[in-house]
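In structure tokens, one chain follows: the form predicted alone.
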């Protein structure tokens, strides 16, 4: 009997899924914060990663410490965000007239971004992230210079900051503090992508986050310590409040602020530390934008040099062809038949 070539036939024998063995003595240990309260994690930022988009950026906060256990499931979460900017481009003819640029932000978690698998349709948290991001970016973009135009900012979160600590791959449950770090990363990545797209902005906007960590009770009241760039997996159940800001350093303005929790009497201190975290991120953002601009200038110079050399070579070949044609006519005249 001939096999059906239009189908993917299963293997003749049975198959079994692979089972990964772990070290018997391996026990999950909750990661602890080894950084100082005013120290930010190292981050990576690069622009121009998607050639087909008008502007793009990649933002990453890698795990700060290596995993010592023999478990396959990572105990420390990281943050990886890709951002693409499409536009400015003209609005459809049936759209209403707009004297300013219509900016829209779309934030989506990849299905594999967190321990708890995400859906393919945006949920309420992703829509909230998009709304906060639009508010932060509208105070930066000079929309009057792009009338009757639209711009779309699309962010995909490849690896999201977890809300808590998952012991041995168990379900992660937390108070929703990880989304604050995600929003700060989205603001920074979107700012870099807008600059890479050549959209006029009043300043670079950077996102910073700070939190109040529980430090015991004193005099019948709970004492808290303000820390920069909190990782929820390192402060499982210890975060009392958190604040994320979108900060313009050269103008000393805040275009977006989102506070969650009960900070008590440390509200102003929490906001100041979040601004300080945004200022630290601004240094990395400025260097990434500078490197992206220098790379574009270098590519433009190389293309101009190649075009000039090709033009000169084309002129030389044309002159040599004319000479060869004239020489051939001379030979035909002199050759007797």
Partner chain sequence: MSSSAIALPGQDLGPVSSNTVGAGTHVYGDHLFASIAGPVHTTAPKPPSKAPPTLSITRPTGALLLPEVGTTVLGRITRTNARQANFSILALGSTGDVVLAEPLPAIIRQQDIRLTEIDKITVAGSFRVGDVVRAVVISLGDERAYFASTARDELGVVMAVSEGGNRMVPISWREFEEVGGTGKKEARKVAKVV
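What you see is a predicted model, and the numbers here were worked out from it, not measured in a lab. Numbering follows the first chain given and starts at 1.
Below: the form predicted in complex with its partner chain, not depicted.
Visitor: In terms of non-hydrogen atoms within 4.5 angstroms, which of the given stretches 128-136, 177-185, 233-241, 251-259 touches its partner chain in the predicted bound form?
Guide: Checking each option against the 4.5 Å cut-off leaves 251-259.
Visitor: If the cut-off is 4.5 angstroms on heavy atoms, which of these, 197, 113, 154, 103, is the one near its partner chain in the predicted bound form?
Guide: None of the others qualify; the residue that does is 197.
Visitor: Taking its partner chain as it sits in the predicted bound form, is residue 202 near enough to touch it, meaning that at least one heavy atom pair lies within 4.5 angstroms?
Guide: Within the cut-off, so yes.
Visitor: In the predicted bound form, is there a heavy atom of its partner chain that lies within 4.5 Å of any heavy atom of residue 88, even though the partner is absent here?
Guide: Contact with its partner chain, yes.
Visitor: Is there a heavy atom of residue 270 no more than 4.5 Å from a heavy atom of its partner chain in the predicted bound form?
Guide: Taking the distances in the predicted bound form, the answer for residue 270 is no, it never comes within 4.5 Å of its partner chain.
Visitor: Residue 142 near its partner chain in the predicted bound form, any heavy atom under 4.5 Å?
Guide: Residue 142 belongs to the contact set for its partner chain.
Visitor: In the predicted bound form, which residues of 267-299 put a heavy atom within 4.5 Å of its partner chain?
Guide: Going through 267-299 in order - heavy atoms within 4.5 Å of its partner chain in the predicted bound form - the hits are 282, 286, 289, 290, 293, 294, 296, 297.
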